[in-house]
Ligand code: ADP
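Here's a solo chain for you in structure tokens, the form predicted on its own.
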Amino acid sequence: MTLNNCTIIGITGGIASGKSTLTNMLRKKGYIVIDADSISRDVTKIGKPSYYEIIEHFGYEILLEDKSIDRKLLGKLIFENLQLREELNGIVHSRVFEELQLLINKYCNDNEIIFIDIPLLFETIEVAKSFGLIFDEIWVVYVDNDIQLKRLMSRDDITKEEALLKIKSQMSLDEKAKIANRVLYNNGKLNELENDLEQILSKLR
């Protein structure tokens, strides 16, 4: 647990596994969910320190006409190049975890449980620890490989090859499931996922 008097639960998974579906369910139940992706977008907005660091590293070619970062282009670059992906993560992740800790401090006293949605949680766990962020539990939203592939192709309107490249750029869901405290399966209907969630929450309460 962090120095705060509340339970910190990390939610992670793989691309198109259904993390947003789960966190939306939690929000509807009244829980605080902090979205690391949202923070990542915020710290790379025009005028923010990470914005200038990214331009310095990747060049002005990654900017749109309004001078904001072309996240789609940047994403394509890093998914195709491990070194560039690690360099971008080095720029952004520390600022994201710094903001996360500030938000935890803000919400913790009024909430017994805080959920944090972090897509690359296991990959960045040491960075999290360096900012004093310790998770009481880590939950993984799991989906079978074939379903994940179909969902990603449909969601992003991309080819099978492009989808596989994105999936393979992350730690596999099987690996994440092995080291998670809890695994929620998202292969079937939404009510099945919600029932699983409710059973886990009832134990936490």
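As the structure is a prediction and not an experimental result, all values here were calculated from the model. Start at 1 and count along the sequence shown; that's the residue number.
Only in words, not in the display: the form predicted in complex with this ligand, which the text now covers.
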item	value
Touches this ligand in the predicted complex: Thr21 (any heavy atom, 4.5 Å)	yes
Contact label in the predicted complex: Leu190 to this ligand, heavy atom within 4.5 Å	yes
Exercise: Leu197 in contact with this ligand in the predicted complex, heavy atom 4.5 Å	no
Ile9 within 4.5 Å of this ligand in the predicted complex, heavy atoms	no
Contact residue in the predicted complex, from Arg41, Lys160, Lys67, Arg155 (heavy atom within 4.5 Å of this ligand)	Arg155
Residues of stretch 136-153 in contact with this ligand in the predicted complex (4.5 Å, non-hydrogen atom)	Arg151
